[in-house]
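Only one chain is shown below, in structure tokens, and it's the form predicted alone.
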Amino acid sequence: MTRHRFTPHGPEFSRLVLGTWRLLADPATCSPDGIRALLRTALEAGITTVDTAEIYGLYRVEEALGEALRGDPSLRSRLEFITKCGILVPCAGAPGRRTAHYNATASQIVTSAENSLRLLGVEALDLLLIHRPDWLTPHEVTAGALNQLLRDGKIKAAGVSNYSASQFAALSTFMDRPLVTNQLEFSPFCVTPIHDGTFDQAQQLGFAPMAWSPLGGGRLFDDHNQAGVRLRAAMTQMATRYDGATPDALTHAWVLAHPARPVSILGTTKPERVLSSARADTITLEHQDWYAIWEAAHGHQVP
């Protein structure tokens, strides 16, 4: 698996990243043994980076990962951890929380980061992202918390998720060290980052974005979704040119091909699909095949 440096002097991660949003929704990965098996499969495929968030599994996924890692500490030293903070929703663990909201205040960011360190059982987070922009917190305040965590060595790098280009630029103004990524929804079904300036900004500033939901949140394999049906049919036709690559691998290869150099986050918890998806790192799509995938997903030729 190719190693991918997010900025010229920033952190290095695997080109494909193991996502954990659905980790506790799959009976096979609800136990420490199941999680360890999935992590070992990812490592076998060369995927060394794990993406999670404090809110995943209603605030239970980080704890589950930490419990699994305690059962095999050797795994921890072979993996990098990216986590996100700043989304607060009502749940059993927060009885006073009435409304889902974003919170990127300094105290909340520091509290969340320290809680993630404790739950994951790591000395420092390889990368901490602000999960969503908090409209009520000044960028200077959010940056102040990230700068403090960087100075204290509690996080090795900082970034954001779901920020617009202007929000990214505004927050960057107050950072002591450059933000290293913007994690965005990007797939053949959702090409918003190509048009809203966020991928242009990534190329301009020289950082690698991250792509969440690269398979369209399951639409690729939904027989009732016409775009997914069209896309799988197109990929079946072109698979012979790529040594029989699966739709998973071809879709991730499509994401990786963009010149902004995005990394692609795997949403699956199935070992066989992790291994097949990892082939994306070896696939270079022909120019017209990239556009053929876009065309199949959207149902018309490029404008």
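Quantities reported herein were computed from a predicted structural model and do not represent experimental measurements. Each residue number is its position in the shown sequence, starting from 1.
Keep in mind the form predicted in complex with a small molecule is missing from the figure; the text below concerns it.
With the partner omitted here, the residue from Ile35, Leu250, Leu266, Ala42 that has a non-hydrogen atom within 4.5 angstroms of the small molecule in the predicted complex is Leu266. For the options Pro90, Pro138, Gly218, Gly71, the residue carrying a heavy atom within 4.5 angstroms of the small molecule in the predicted complex is Gly218. Annotated contacts: Arg15, Arg78 and Phe207 are all free of the small molecule in the predicted complex [non-hydrogen atom within 4.5 angstroms]. Annotated contact segment (heavy atom within 4.5 Å of the small molecule in the predicted complex): 159-167, selected among 159-167, 112-120, 91-99, 142-150. Taking the partner from the other structure, the small molecule in the predicted complex has a heavy atom within 4.5 Å of a heavy atom of Tyr56. The closest non-hydrogen atom of Arg273 lies within 4.5 Å of the small molecule in the predicted complex. In the predicted complex, at least one heavy atom of Asp51 sits within 4.5 Å of a heavy atom of the small molecule. At least one heavy atom of Arg132 is located within 4.5 Å of the small molecule in the predicted complex.
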